[in-house]
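Below sits a lone chain in structure tokens, taken as the form predicted alone.
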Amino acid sequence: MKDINAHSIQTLEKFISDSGRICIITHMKPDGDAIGSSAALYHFLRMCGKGSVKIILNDRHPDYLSFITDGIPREDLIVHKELPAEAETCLSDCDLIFCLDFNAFHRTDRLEGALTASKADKILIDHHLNPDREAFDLAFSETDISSASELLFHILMETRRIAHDATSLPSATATALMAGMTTDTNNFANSVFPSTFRMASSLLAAGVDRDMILSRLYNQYSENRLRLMGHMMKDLLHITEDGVAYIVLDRKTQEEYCISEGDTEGFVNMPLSIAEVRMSLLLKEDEDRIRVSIRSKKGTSANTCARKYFNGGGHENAAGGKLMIPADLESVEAASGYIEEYTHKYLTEDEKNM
């Protein structure tokens, strides 16, 4: 891990020591890794004696992740969508900003302006490709790693306070790190490295209750989620001759099943269990855009496809993006034709020229 060395850790510790007010931010529509790494860092900084630490979210996180943030006072977790003035004031007044699980300011959506304008020092902790390093005063960017939560774990282990002893981590930090890593690997199903298992082993030995984490992550969904899953797989799943599986989930269907943010987590992975499927896409209509999740099997790049045709990017086999209405598509009804046209072009023409 090239960015984790004696100098970078010393620099990190000095930034923390010299700061009076700290903010932690992550990407829009925060997932388990974003919330896990943010909560983990929050509890670590509080253990270090930092009295003013705020987590600033662009959007409220899904309810199923609430167990990760239960120990954080309400006044320390601010959602811009609900309290925009307070969120922007915190970013303006703080001394230090930790940027977790995103590689460029635009990934924070409505927080981008306040983040760009803030005079605070900014530290990046991220695992995505192509980080905008020049925007940060210190960058920990590693791509051969499962998650931002795993990267944060290895950083904290190098600090003098933790000194390679996971039992020295606050219990809430250890739990949040394990939860974040678990969600981003789909419970060790993808993006797993030897370091990922070393992290998990250390946290288990330190007393993390993984059974509780798995129960809260995967056994607390609504009945409607299961019914929607059946409807999606039976009626909405399409598979092209190129081996592309896709589902378009419009707002009407989401409302019919009373779907909340996070209820479709993991659905995009399911079609990959079909032998002939090379790539799976889940498109969700959301206000003026369609959010795109892409997963692929080894040998097919979800990242390249997302960058070329879906205004996004990510990891080799797990990526995301968006299609804007009406800039990219006239309506959600046009999504199926767009997917079939451009995934066919990607798999039959672009891949051959790579």
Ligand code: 5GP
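Don't overthink the numbering: it's just position in the shown sequence, from 1. Since this is a predicted model, take the numbers as computed values, not measurements.
Another form exists, predicted in complex with guanosine-5'-monophosphate; not displayed. Remarks below refer to it.
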Given a 4.5 Å cut-off on heavy atoms, tell me which of 66-74, 45-53, 292-300, 325-333 is the interface stretch with guanosine-5'-monophosphate in the model of the complex. 292-300
If the cut-off is 4.5 angstroms on heavy atoms, which of these, 278, 107, 122, 154, is the one near guanosine-5'-monophosphate in the model of the complex? 107
Give me the residue from 319, 41, 35, 57 that has a heavy atom within 4.5 Å of guanosine-5'-monophosphate in the model of the complex. 319
Does residue 216 make contact with guanosine-5'-monophosphate in the model of the complex, using a 4.5 Å heavy atom cut-off? no
Applying a 4.5 Å heavy atom distance criterion, does residue 62 contact guanosine-5'-monophosphate in the model of the complex? no
guanosine-5'-monophosphate contact in the model of the complex: residue 225, any heavy atom under 4.5 Å: no
Taking only heavy atoms into account, state which residues of 295-312 are within 4.5 Å of guanosine-5'-monophosphate in the model of the complex, ordered by sequence. 295, 311, 312
